[in-house]
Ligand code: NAI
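Okay, so here's just one chain, in structure tokens, the form predicted on its own.
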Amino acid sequence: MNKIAQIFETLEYGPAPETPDQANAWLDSQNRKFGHFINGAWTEPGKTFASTNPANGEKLAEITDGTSADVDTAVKAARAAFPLWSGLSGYERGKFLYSIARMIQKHSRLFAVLETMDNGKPIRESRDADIPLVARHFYHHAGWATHLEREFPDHVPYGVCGQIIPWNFPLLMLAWKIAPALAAGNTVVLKPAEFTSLTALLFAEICERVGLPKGVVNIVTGEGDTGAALVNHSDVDKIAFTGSTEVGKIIRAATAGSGKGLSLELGGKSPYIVFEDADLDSAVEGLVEAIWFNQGQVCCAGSRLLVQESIEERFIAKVKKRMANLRVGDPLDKSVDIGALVAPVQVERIRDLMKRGVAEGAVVYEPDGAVPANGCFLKPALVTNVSPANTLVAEEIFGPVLVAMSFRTPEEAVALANNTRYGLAATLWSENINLALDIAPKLKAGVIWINGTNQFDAAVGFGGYKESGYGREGGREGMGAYLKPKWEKELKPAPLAKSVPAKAANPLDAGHLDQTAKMYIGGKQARPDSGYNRPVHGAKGDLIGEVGDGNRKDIRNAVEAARAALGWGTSAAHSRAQVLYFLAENLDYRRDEFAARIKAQTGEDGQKEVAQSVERLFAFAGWADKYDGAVHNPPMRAVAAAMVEPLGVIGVVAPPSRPLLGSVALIAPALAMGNTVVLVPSDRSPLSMTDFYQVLETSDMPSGVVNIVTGESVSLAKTLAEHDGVDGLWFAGPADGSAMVEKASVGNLKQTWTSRGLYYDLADPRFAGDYFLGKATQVKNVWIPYGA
């Protein structure tokens, strides 16, 4: 039998090698030794380390390990280039982005081969997924640059952006960060991953070829210390990081109090849910893409298979059969499905995790067949017989390992899916569109794929919930992440409060007082756990009241009540609007009473502040059913519904001034968007908000939606920041308190807004719009395919 006939008989795949000649020629033209790209020129190589091909261990090039001095030089170059670049029209910046996109397309095969040689992913993925999407991002953001002033009026770029990218998608992550940053008018210092710097250096040469102004893009290579120097540099205005959650937490702590913008796209442990009515064969093919794409080295990999019990046995059998046909080998072979992992250290880490999982009872299945003897290769693995507590279920493995569990009901599927500290992505398969669209909003993740997986586009935002980070890349949200309101750059320090000495008094002598204002937790008045009260003094130092002195336990009780009331976020927006309108109406009925209370605390006429508070409640009642999402049309047979969702529980620490408006202006947008609130009112003038809970009780506000804990603002803010049940924290107070809040929030990476000791005039109409609405929400993109 001749060879062709034999192939048709066996259907075996022959080798289909991609030549590395052009990539090697480019490396040779650079003498296989690279310095940094700073201020439009190449530096002389310094101390170097090797970049190796993980498929065979061969050294590809020597890469310079950047020092803090190198980072400083690059930041200075970016700062010097900023006025020119940001001063160009959006059209002029867009032309440069367009030119970069065209050059990437022209040299797409070179980029793809170099990426595969440096990273180990199959050439089919580099060629057909990564590089086309890189060009798409530059094209897309060329358009954003052109229309920026129209779509983001009164917004300005941050300035110098420090960007740190991972090794799993080296060029794609570069495009996701550099394209929007440049479109917005920022300049960039980018540090690629030490394992995979070569395509970033090739990209630097593209920047040279298109004539990008010097200093606009700077590439500084190096290891972890180089990235730390970039994060800690005082002249960097924004940090954008993609990588592990552990490093993301370190960066959050390092930037606390600095005023730097921060975007974090971190780890994941994404569920892949298969219902009994799914097209099982399609779901299996989707699963291959979800977990074995890029050897499982994907932050949004569908690494937790949740399959309905009634089809579990049949589906697992199909998965095993499909695994047996996956081809592991040379990533430059176009017939290979699974290439090499990025480095030996990654292989060992995965093996160690697998040993821990097996010791805890897991059963591992691997298909027959050998993997190449040389290089960083692992077989695809399927893990069963695990509980949610097993290490392999709880920890991000970042390798070709699928962990499977079953569920009985849709409610159990949602519970299992959300039982993770991560929240980056989720996939669900069902032929019942009603079921799919019911489940998708219940999954706590930033991206949901229905009957598909790993769908990405520059027009659709990507990013996570919970410890998968915050901020978005792609879409309108991703563009907005590189801009800030112009007025924020013009804020001045908050004026120091006038200190009025309190008149000495015996704490037991209440005079005419016959009642101490209580806290308000779970819809009920509550005494402080401490058993102590705090005196409240008026503008002349007279004792005018007492409030409870809240502590950690009071915050715990308030957070528990707020979490129990999270159904507020799934109620109809119209219903939330009605409650806020009712609040405004009832507050207005009692305006004289509240004005008198403000005057007693501050010495100022309170009529205007009460009127402003009523107006603000009215404004956000109007926003409740209008601040919604969009439907994106990516270039494929699908739509992506951008759903605006509440953060969850938001802690609000009100400013010391404006005892009523200071709290109302912050809780109103949070409530309008469906969040529940734990409020710490002004510690100097809290009586307006202890009066306010009487308005809450008469306005149909559900129990637990608003909780009020009085006490010392900074200490209570610290407790809120450290509480894992709090999803977001807003703090209006001194700079040192703001820094503390940002640092203490690292535990669960809650989203924070702090005033940093600057003066935010909350009476300004600008705060009656989308400024706080955006901070009270997160965007979930649900991909919905269509067509027969």
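This structure is a prediction, so every number in the text was calculated from the model and none was measured. Don't overthink the numbering: it's just position in the shown sequence, from 1.
A second form of this protein, the form predicted in complex with this ligand, is not displayed here; the remarks below concern that form.
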query	finding
Result of superposing this ligand in the predicted complex onto shown chain, 2.4 Å backbone or C-beta criterion	open
Heavy atom of Arg304 within 4.5 Å of this ligand in the predicted complex	no
Contact flag, Leu402 vs this ligand in the predicted complex, heavy atom cut 4.5 Å	no
Contact test in the predicted complex: Glu125 vs this ligand, heavy atoms, 4.5 Å	no
4.5 Å heavy atom contact, Asp683 and this ligand in the predicted complex	no
Selected contact from His147, Lys76, Arg590, Arg349, since only one has a non-hydrogen atom within 4.5 angstroms of this ligand in the predicted complex	Arg349
Contact residue in the predicted complex, chosen from Gly87, Gly224, Pro495, Pro153 - any heavy atom within 4.5 Å of this ligand	Gly224
Residues Thr52, Asp130 and Leu201 all lining this ligand in the predicted complex, heavy atom within 4.5 Å	no
Heavy atom contact within 4.5 Å of this ligand in the predicted complex, the stretch among 108-116, 711-719, 242-250, 618-626	242-250
Residues in 83-102 with any heavy atom within 4.5 Å of this ligand in the predicted complex	none
